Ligand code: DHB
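Okay, here we've got a single chain as structure tokens, the form predicted alone, with questions on binding and movement later.
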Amino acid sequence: MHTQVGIVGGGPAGMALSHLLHLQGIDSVVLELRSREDVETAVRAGVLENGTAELLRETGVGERMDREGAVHHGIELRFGGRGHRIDMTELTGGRTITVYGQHEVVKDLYRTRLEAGGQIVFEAAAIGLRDLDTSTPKIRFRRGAELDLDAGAIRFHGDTEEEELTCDFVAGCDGFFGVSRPSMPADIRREYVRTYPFGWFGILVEGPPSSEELIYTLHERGFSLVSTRSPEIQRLYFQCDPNDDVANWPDDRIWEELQTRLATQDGWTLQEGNIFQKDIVGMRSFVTEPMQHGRLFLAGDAAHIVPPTGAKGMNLAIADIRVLSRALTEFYSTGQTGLLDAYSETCLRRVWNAQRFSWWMTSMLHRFHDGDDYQYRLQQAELDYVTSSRAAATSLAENYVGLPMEATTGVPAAG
């Protein structure tokens, strides 16, 4: 097989890149480890920055998002039993966020690409990259793959043969555990890691929403978050030990914990419902530098991970893809490599700003295992300042809705 751009990973980064390249007449092949059904039915968080939502609209994949997603104009910061609203739209000159699941974005991209004749090979495991320093890098892969989540291993159906995809460029969009990042020479990679001493216990609930906007809460027992997925499905989280076991949390205990952390002095009520999914998510920050080697370019979780407190994960992946698609378009239209050569430097400026914001939000809203009452009072003072100072609230709002692309990368926002 041969194509212009070989894309490893069919998540939001890989599919957005394939879509943007198609609009510029550039061919690609996407190799996705999971089945289409597995990807589309795995309910994932989705807070879309203003610029991310605009890109989807501008490139023809935002119709269902506008119909089914929820546009939010603010968030609530809750501490000391009181809620304080941050009016993001007013503070940022009209910008908003859209709550629309990551899996829904991928559904829309799959449909759009397949209707346009795009090549997506599902259940295809990339097992190695080679010749990255040449003009014809190659991706080795096998079909019939299945990801065994319990064993953390890839299995294959039948005796499938190894195949090879030859391309001009490789986009590594295959996440933290994929083959792309390890294919970069170890002596040129530098990795920055922070692992947090807590996790998020997340539940999906069938029931009505408790709030029209997201609620971020600091309580003496720890952080909690009220979010939503649809008018019928709600997503709630509370801080927990990352080594805890879901089995230790029957439904009654979960609701008691959430009711305690979210209680307010004005009688606000958390709506309960049928819990149909429980999981524990670890928290970490990760960046690898550089994000490119030869003709391999990393994007999304393959290059960086942020704690979910700042809602930056998918938005950073889309920001990477904006830069990479523009650079590849320049190469194929003019033969120039200036934007490609600057890809890593351009992306990392935005990546590190998002790391800073995510770390700040996480540190402000979570109890640390070695923290004392003094630190807790400092966190309360920080929240009091953020919610009482227009300058501080504006800084939070600007970062949360997403800084304009040109502000952090020099790349215009238009797709």
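The first residue of the shown sequence is 1; numbering continues from there. Predicted model, so just to flag it, every value in this text is computed and none were measured.
Keep in mind that the form predicted together with 3,4-dihydroxybenzoic acid is missing from the display, and what follows is about it.
> Might A311 be said to contact 3,4-dihydroxybenzoic acid in the predicted complex, defining contact as any heavy atom within 4.5 Å?
Although 3,4-dihydroxybenzoic acid is absent here, A311 would touch it in the predicted complex, with heavy atoms inside 4.5 Å.
> According to a 4.5 angstroms non-hydrogen atom cut-off, is G46 in contact with 3,4-dihydroxybenzoic acid in the predicted complex?
Yes, contact at 4.5 Å.
> Using 4.5 Å between non-hydrogen atoms, is S227 touching 3,4-dihydroxybenzoic acid in the predicted complex?
Heavy-atom contact with 3,4-dihydroxybenzoic acid at 4.5 Å: present for S227.
> Can you work out whether L214 and 3,4-dihydroxybenzoic acid are in contact in the predicted complex, taking contact to mean some heavy atom pair no more than 4.5 Å apart?
Close contact exists here: in the predicted complex, L214 approaches 3,4-dihydroxybenzoic acid to within 4.5 Å, heavy atoms only.
> Just one of 318-326, 230-238, 269-277, 247-255 has heavy atoms within 4.5 Å of 3,4-dihydroxybenzoic acid in the predicted complex; which?
Looking at the partner contacts, the answer comes out as 230-238.
> Heavy atom within 4.5 Å of 3,4-dihydroxybenzoic acid in the predicted complex: which of W200, Y196, F79, Y110?
In short, W200.
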